[in-house]
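Below sits a lone chain in structure tokens, taken as the form predicted on its own.
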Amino acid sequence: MNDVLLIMPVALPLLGSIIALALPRRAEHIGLLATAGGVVATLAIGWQVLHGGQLQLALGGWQPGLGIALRADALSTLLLIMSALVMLAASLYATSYFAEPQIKTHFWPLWLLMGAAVQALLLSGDVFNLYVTLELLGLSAVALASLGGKRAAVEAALRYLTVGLLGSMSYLAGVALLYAAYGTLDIPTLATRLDQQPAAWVALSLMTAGVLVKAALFPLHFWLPAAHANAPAPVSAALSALVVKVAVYLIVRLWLDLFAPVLTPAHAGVLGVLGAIAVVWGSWLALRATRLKLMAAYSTVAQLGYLFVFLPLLLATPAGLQRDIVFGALVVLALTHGFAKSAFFLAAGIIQQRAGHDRITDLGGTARALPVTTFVLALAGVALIGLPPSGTFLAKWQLLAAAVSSGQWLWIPVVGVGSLLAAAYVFRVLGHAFGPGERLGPTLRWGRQEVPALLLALVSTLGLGLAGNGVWTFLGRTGPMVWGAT
């Protein structure tokens, strides 16, 4: 009975999307109910996973490999909860963000469809269902990114669509090769059958290349800044916090669950180096960005790079307590970035609506006119830099400790340079925001849009910083961290 819970995070937004399409005048209320229900469902799954271990459900009674299998372990559960909370906060924000009824009519069905795709991807237990959910996610995200209708947004969305389709084709070719070679698509079953043969290597290369495009890892990040910077603010928040994050999640699943038997630390080192370049290059471009949302988008490129730096450390660390600590740090960093970046984009959207632009050099007077919004930017900035007490600080500390213990000294200057550049672009924004200026009008003491952004920023900075140990405890109490480890 408890396993039936796995349907709810997908069914609620999917059903909500259909009803919102049929009843456009009620779409806003339906959207809020569906996303709130998603939070309750994911928290219930978290409770069951914490006390009973991994959950698994074979839809229609078909055995895994023949039908759709849903699975939830500690990793997927934590990301499910984070995704549900970000979707709810962004939904509340969206109720006062969109003014035109026509845009609202299009937004809510697509928004809920994207939410269903995110949750379905996190719960999928075989490589073909992962492809289906990846496609559904990409198409709904592209439609949402172009919702504003401006030329720049549409061009960026079309580039996102083209690149995403190429990535999907590469991934699907790898899936077909795996099925031809091993006769199953179920991840745990495949993990037991994979061996050192060319089919496994080619499938690994195709599937990894396809997902890396969607994860926007350097040098495949070229589509991300324009798409995220020109989308409506709640959409930008979800794209940076969730859509690219689930692509990184997929890489972790493929590399640690599925292809672990055929991988060596040297292979992970390649992704680690690309991640390190992303950290420095993305941070540098964020520092030079002229617009607030463009700065946040380049910051996403950099922050995703840190997640890939963890891979060579994980593969070089023997199974046991030390590896669990490094894995927990990876999860804490992913969660913190999700909450912090969504808060940052929502705050940037408030400034853009109030000022009519998001040019960084023209932000003077923002701190006086929008004190709560400026506070959100500062809190999210603390998490992006990695200052205490944010969750990023804990994660970077463990990353540095693992680099020292494994002798991989290359990552230490990368973390140092990346953190300094992050401090530079965050303080540059705050410096302009606290400068003189009258362009944002009279002071807004407390706006309804600011509440979701503030709560997300507090979770990233104080919640995951002061209670970050709970993530390691949850991962440790729920059994093996990855399906392939069973």
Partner chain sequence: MNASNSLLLLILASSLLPGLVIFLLHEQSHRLRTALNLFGAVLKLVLVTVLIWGVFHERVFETRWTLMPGLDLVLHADALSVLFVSLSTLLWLVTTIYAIGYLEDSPHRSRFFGFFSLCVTATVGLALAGNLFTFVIFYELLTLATYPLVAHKGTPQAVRGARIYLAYTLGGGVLLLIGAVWLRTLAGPLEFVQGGILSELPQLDPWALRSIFILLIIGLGVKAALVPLHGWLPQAMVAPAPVSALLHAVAVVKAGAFGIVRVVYDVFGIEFTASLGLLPLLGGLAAITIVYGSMKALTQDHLKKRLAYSTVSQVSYIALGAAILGPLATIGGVVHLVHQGIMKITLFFAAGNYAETLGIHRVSQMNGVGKRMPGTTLAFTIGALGMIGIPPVAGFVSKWYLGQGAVEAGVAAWVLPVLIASSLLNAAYFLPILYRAWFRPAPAAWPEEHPHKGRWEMPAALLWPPLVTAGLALAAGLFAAAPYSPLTWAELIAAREYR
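Bear in mind the structure is a predicted one, so any value in this text is a computation, not a measurement. Numbering follows the first chain given and starts at 1.
FYI, the form predicted in complex with its partner chain isn't displayed, but the following is about it.
Judged against its partner chain in the model of the complex with a 4.5 angstroms heavy atom cut-off, the residues F427, F434 and G465 are in contact without exception.
Contact between F222 and its partner chain in the model of the complex is not found at the 4.5 Å heavy atom cutoff.
Although the partner is absent here, A423 is a contact residue: one of its heavy atoms lies within 4.5 angstroms of its partner chain in the model of the complex. Under a 4.5 angstroms non-hydrogen atom cutoff, its partner chain in the model of the complex has G416 among its neighbouring residues.
The shortest heavy atom separation between W472 and its partner chain in the model of the complex is within 4.5 Å. Only one of 403-411, 111-119, 301-309, 350-358 lies within 4.5 Å of its partner chain in the model of the complex by heavy atoms, and it is 403-411. Only one of L92, L190, L80, L394 comes within 4.5 Å of its partner chain in the model of the complex through a heavy atom, and that residue is L394. None of G320, P388, P261, P101 but one reaches within 4.5 angstroms of its partner chain in the model of the complex through a heavy atom, and that residue is P388. Applying a 4.5 Å heavy atom cutoff to its partner chain in the model of the complex picks out I325 as the lone residue from 312-343.
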